[in-house]
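To begin, one chain is listed below as structure tokens, in the form predicted alone.
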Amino acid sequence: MARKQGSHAGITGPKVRDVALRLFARYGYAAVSMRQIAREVGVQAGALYLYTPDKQTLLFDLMRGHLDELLSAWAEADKGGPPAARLEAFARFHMRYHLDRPDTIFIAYMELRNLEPDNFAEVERLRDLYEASLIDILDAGRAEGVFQVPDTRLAAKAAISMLNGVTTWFREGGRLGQGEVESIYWDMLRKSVSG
């Protein structure tokens, strides 16, 4: 099928991903059709296959892309210092990174059930790499007697879940600013691991 006049791979490809991300977050992966994505993008349904082989690949690419970018950004973040400072750096990084990406974080956690087994395994591997950074921080703090957590893997999952929650309700211009929210969440996390 010919590309729609005015359609450009460098524009339409990212638009397909952006539209799919928004629709998957709003309606759920199972409820969104390729035709619906095409309609929102402004192309014929068949044209979508120039950008992705199928809906499953589109979902997987969104999730993998999010995790690749997250891991890259975390690798570049300043995270030195003692365990408490490293934990604060992780918490603030996680919130800042995701506040502008609420649809991405929603899909990354809520649509896992829709991934085919090989895709699920790859996304889980990438998630485990990110969680391992937090587990390492918690292990170091526990070894130094700074953190009192019986199971650092469980504590890491609980911490990430709590930090992810900010994206569901925070809005600029609300009662609390981003800096205040970060500080309150950091204080709650600190207390939860300090015993």
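Start at 1 with the first residue shown and count on from there. The structure presented is a predicted model; accordingly, all values stated were derived computationally and were not measured.
Omitted from view is the form predicted together with a further copy of the same chain, to which the following refers.
So a further copy of the same chain isn't shown here. In the predicted bound form, which residue out of Glu40, Asp61, Asp151, Asp136 has a non-hydrogen atom within 4.5 Å of it? By the 4.5 Å criterion, the partner-contacting residue is Asp151.
Taking any heavy atom pair closer than or equal to 4.5 Å as contact, tell me whether Arg113 reaches a further copy of the same chain in the predicted bound form. Looking in the predicted bound form, residue contacts with a further copy of the same chain include Arg113, since a heavy atom lies within 4.5 Å.
Answer yes if any heavy atom of Ala155 is within 4.5 Å of a heavy atom of a further copy of the same chain in the predicted bound form; otherwise answer no. Flag for Ala155 set to yes.
Does a further copy of the same chain come within 4.5 Å of any heavy atom of Arg171 in the predicted bound form? Output for Arg171 is no: heavy atoms all beyond 4.5 Å of a further copy of the same chain.
Leu176: touches a further copy of the same chain in the predicted bound form, heavy atom cutoff 4.5 angstroms: Yes - in the predicted bound form, heavy atoms of Leu176 and a further copy of the same chain come within 4.5 Å of each other.
So in the predicted bound form, are Met34, Phe93 and Arg96 all sitting within 4.5 Å of a further copy of the same chain, heavy atoms only? Checked in the predicted bound form: no contact with a further copy of the same chain for any of the three.
With a further copy of the same chain taken in the predicted bound form, which residues across 81 to 108 come within 4.5 angstroms through any non-hydrogen atom? Heavy-atom contacts within 4.5 Å come from Phe106 alone.
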